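We begin with a single chain expressed as structure tokens, specifically the form predicted on its own.
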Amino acid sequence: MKLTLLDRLLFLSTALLTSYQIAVGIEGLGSIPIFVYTLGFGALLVSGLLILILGFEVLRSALVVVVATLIPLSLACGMVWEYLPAWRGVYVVYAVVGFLAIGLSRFARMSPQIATLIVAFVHGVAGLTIFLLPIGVVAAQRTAAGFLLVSLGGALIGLMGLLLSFLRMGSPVLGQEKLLRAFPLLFLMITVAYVLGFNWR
């Protein structure tokens, strides 16, 4: 299925927004958070550009799955580093091992069931971190309520992962065209939620 003009405009808007966040939206933090947030938003930028240039077919590529894994892992790692210092070491090890495991599951000869379990576990832990941590720190009055938008972005990226799973499985529940038509707007909404959340905390 080909990208429409609206799809291209949505992906282009996403690319511009992530470029802004990388350039000026993560200043004033420590070197580690800046590095991992840059990595996460950079992966968001690269993923959007790959779809914009190569079309929806690239969503089936193993390389895109691996690149996209950097988004939740990096953002979750940066948030833990900022707000849960006691868990820094553990979470960095989890993020590195999780990323390598997903890379191995995509490019090595591994059963689809095991590969799916690896992806589900790694994305699940990172997704829950992105969703729950902002709620916790806002409830503890450690940051402004705008940070809750990051939780919204985490929920939306979970929905996007679910849609991609349906797409790869050829789900009869939702047609491929409907899934792909929802993808560009959802991708932009995730980016808007993350950018506003990180800037309004």
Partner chain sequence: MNGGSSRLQTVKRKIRLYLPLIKSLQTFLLLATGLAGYMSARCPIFHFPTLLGLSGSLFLAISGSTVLNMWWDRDIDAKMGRTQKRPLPSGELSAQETLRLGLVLSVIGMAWSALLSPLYAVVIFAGWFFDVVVYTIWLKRRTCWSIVWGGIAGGMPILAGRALGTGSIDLIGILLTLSVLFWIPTHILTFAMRFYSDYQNAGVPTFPSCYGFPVTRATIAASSVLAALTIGTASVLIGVQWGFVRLLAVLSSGLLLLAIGSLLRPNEQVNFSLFKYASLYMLASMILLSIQQ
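These numbers come from a predicted model, not from an experiment. Residue numbers count along the first chain shown, from 1.
One more form of this protein, predicted together with its partner chain, exists but is not displayed; see below.
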| property | result |
| --- | --- |
| Its partner chain contact at L50 in the predicted bound form, heavy atom, 4.5 Å | yes |
| Non-hydrogen atom contact A182 with its partner chain in the predicted bound form at 4.5 angstroms | no |
| Touches its partner chain in the predicted bound form: L59 (any heavy atom, 4.5 Å) | no |
| Close approach of V138 to its partner chain in the predicted bound form, 4.5 Å, heavy atom | no |
| Listed residue (L148, L133, L156, V67) with a non-hydrogen atom within 4.5 angstroms of its partner chain in the predicted bound form | V67 |
| Partner contacts for 1-33, taking its partner chain in the predicted bound form and a 4.5 Å heavy atom cut-off | S19, I22, A23, V24, G25 |
